[in-house]
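Just one chain is shown here, as C-alpha cells, and it is the form predicted alone.
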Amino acid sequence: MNTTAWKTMYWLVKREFWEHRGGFFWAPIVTGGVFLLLNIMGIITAEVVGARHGINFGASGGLQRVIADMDAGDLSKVGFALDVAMYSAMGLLIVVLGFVVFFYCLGALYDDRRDRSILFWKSLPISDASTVLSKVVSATVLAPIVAVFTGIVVGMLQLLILAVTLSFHGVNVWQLLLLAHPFRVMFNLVGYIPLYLLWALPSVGWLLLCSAWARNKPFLWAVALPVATGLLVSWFGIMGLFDLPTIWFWKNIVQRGLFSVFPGTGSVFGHQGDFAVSGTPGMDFMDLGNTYQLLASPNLWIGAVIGLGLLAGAVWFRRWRDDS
C-alpha cells in the first residue's frame, strides 16, 4: 500500500470504530467493570461470612508465615495462581469479543444496503476491496486489541485487589506482587492477536459474504446454510464416501465457519487430533509458544485460504448488489 492507501484504510477503520464503538469499546469496558464488581462482591461476602463464623486465616500472621516457609517450587505455584487471576479477566471478555465480531461481520455490509448509505460510499473514490478489508481489519485487529488491552488493565486491577485483600490478613503485598509475572501475561495476550486474525478468517469471510449477499436476514442464512448442510450430510452419511466420519464435517466446516471468531477455539480444539498442537490441554494457553504451534497446522492455513476466497466473494457482491 502507498501512503494514500494507508491513510484511506486508517480513516475507514476509524469510521468503523466510531460507528460501532458500542461493541468495540464499551462492551469490553462494561464487561471488565462487571467482572471486577463481581469479584469485589465475592470478596466482601467471603469476609463477612468469615467474620460471622470467627474464621480468620490471617490471625497472628499465619498466612505470612506459610508464605515464608515455602520453597522455590511452592512460590512458583503461587506465582502461577496469580497469573491465572490476571488471565481470568479475559474469560468473559473473549466471549463478548466473539459475539461482537460475529454480529458486526453479519451486519457490516448488509446494513449499508439496508439504510442505503452504500450509495454515498460508492460515490466516493473508495474501492469495494478497501471497504471490505477495513471491516476485516476492524473485526480481527481493532476489536481484539481493544479487548486485550482492556483485559490487561482489568487483570492488573484484579491482581491488585487480591493483593490488597490478602494484606489485611498479614500478607506482604509487595512480596506477593513480585511472585506474579504481569509482563509475561501482557506479552502473551498481545501475542495471541496475529494468531486470532488467521484463525478467524474462515468465519469472518463467511459472515461478510452472507452480509454482502443476503437480501434480508443475513443471520438466518449464515447459520441455517451450514447447519442444514450438516444435517443432510449426517442423514445421508455423505462423508462416508470420503472415508471420513460425519463429525469431521461438523468440526471442520460448521464449527470453523461459525465459531472461529471466538478466541481460543483453535487451542481448545487443537489437542483433539486435527491440529498440530501438542502439550497437555488446559493451561497451555498461558504459554505463547504452545499456542503458536497451531501455525504448523494445515487446518489453520487451509482455513485462511478459504477465508480469503470468501472475502473475495464478499467484495464481488459488494460491487454488484446494492439493493436493500
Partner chain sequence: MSAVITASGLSKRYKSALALDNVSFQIEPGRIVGLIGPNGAGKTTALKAILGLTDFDGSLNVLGYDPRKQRDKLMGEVCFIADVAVLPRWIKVRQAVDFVANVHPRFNRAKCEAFLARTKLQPEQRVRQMSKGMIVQLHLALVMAIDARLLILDEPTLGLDILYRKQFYQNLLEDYFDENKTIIVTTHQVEEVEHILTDLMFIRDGRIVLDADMDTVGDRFIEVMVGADKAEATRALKPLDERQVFGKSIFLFDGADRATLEQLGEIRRPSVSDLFVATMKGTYA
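Since we're looking at a predicted model, the values are computed, not measured. Positions refer to the first chain, counted from 1.
One more form of this protein should be noted, the form predicted in complex with its partner chain, which is absent from this view; the next part is about it.
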Of the options L220, L124, L244, L232, which one has a non-hydrogen atom that comes within 4.5 Å of its partner chain in the model of the complex?
L124
Can you work out which of A81, L119, L178, A224 has a heavy atom no more than 4.5 Å from its partner chain in the model of the complex?
L119
Taking heavy atoms and a 4.5 Å cut-off, does D74 contact its partner chain in the model of the complex?
no
Would L311 sit within 4.5 Å of its partner chain in the model of the complex, counting heavy atoms only?
no
Though only this chain appears here, would L12 touch its partner chain in the model of the complex if you measure heavy atom gaps against 4.5 Å?
yes
Out of 83 to 91, 148 to 156, 235 to 243, 110 to 118, where are the residues with a heavy atom within 4.5 Å of its partner chain in the model of the complex?
110 to 118
Partner contacts for 291 to 320, taking its partner chain in the model of the complex and a 4.5 Å heavy atom cut-off:
R319, W320
